[in-house]
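Next up: a single chain in structure tokens, the form predicted on its own.
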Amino acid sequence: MDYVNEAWRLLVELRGRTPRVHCITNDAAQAFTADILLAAGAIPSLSLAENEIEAFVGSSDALLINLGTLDERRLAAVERCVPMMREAGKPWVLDPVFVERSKPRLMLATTLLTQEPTAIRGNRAECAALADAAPVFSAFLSEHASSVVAMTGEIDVVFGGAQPVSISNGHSYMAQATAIGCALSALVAAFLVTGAEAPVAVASAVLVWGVAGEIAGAKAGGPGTFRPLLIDALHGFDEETLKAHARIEKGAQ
């Protein structure tokens, strides 16, 4: 598998399709997540309103469930929307934000794992908490998994294909600015709409994100200027940039 060429092909496909991605995400991430989806070529929606959320989700191509700021509105939305996506056969992504810090949140995440998300995107602490709490999570780290796992950190690892894939792109500012991981989870959802096999789509999203982060980080004066530059880097992303910077290899590191 030539992941670099495939990642570029899928980004072009995404831009041509302009998929609709509904994001049930946290308050701190909403605007930035929407901007990132728009920069990638997708169309975001964020409503939690009881009288319209089913209409938005039903007309979306993918769904993001982010467990940050987990209030009653979001809990109700999750309960209504995940079954809708499963019944429609559309991709949905779970972002288990801070499950290592909250037992109720961890319990919800383990329940959602039984609903077989198309992909799970979490950092190493979140993934470790899920592995301790839910035996099924360990099964997702195999080639026959029903869900793909993107475990992000200094080196990102994507599990679920024939073998794990490690991606060494990124920038230190990505750990110092709010909602960077949350926005990546939304980008993963957008890439899943391309119709590529889920492990390839997820790895492609993580690779594009890491390279865009490097480009933005090289220009930024600090975390405060990094986020808008990341939006610009994703918007202006091209094949030459990807091929010049991509660092991806088979196997977990």
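One-based numbering along the sequence shown. Predicted model only: the values in this text are computed from it and were never measured.
The same protein has a further form, the form predicted together with a further copy of the same chain, not shown here; the description that follows concerns it.
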Practice task
Work out which of the listed stretches, 197-205, 183-191, 210-218, 47-55, brings a heavy atom within 4.5 angstroms of a further copy of the same chain in the predicted complex.
Solution key: 47-55
Exercise for the section: Flag P104 as yes or no: does it have a non-hydrogen atom within 4.5 angstroms of any non-hydrogen atom of a further copy of the same chain in the predicted complex? Expected result: yes
Practice task
Classify L229 as contacting or not contacting a further copy of the same chain in the predicted complex by the rule of any non-hydrogen atom within 4.5 angstroms, answering yes or no.
Solution key: yes
Problem - in the predicted complex, T178 touching a further copy of the same chain (heavy atom, 4.5 Å) - result: yes
Problem - 4.5 Å heavy atom contact, E79 and a further copy of the same chain in the predicted complex - result: no
Practice task
Could you check which residue among K243, H235, R17, R9 gets a heavy atom within 4.5 Å of a further copy of the same chain in the predicted complex?
Solution key: H235
Handout entry: Members of 8-45 lying within 4.5 angstroms of a further copy of the same chain, judged by heavy atom, in the predicted complex
Key = R20, D27, A28, Q30, A31, A34, D35, L38, I43, P44, S45
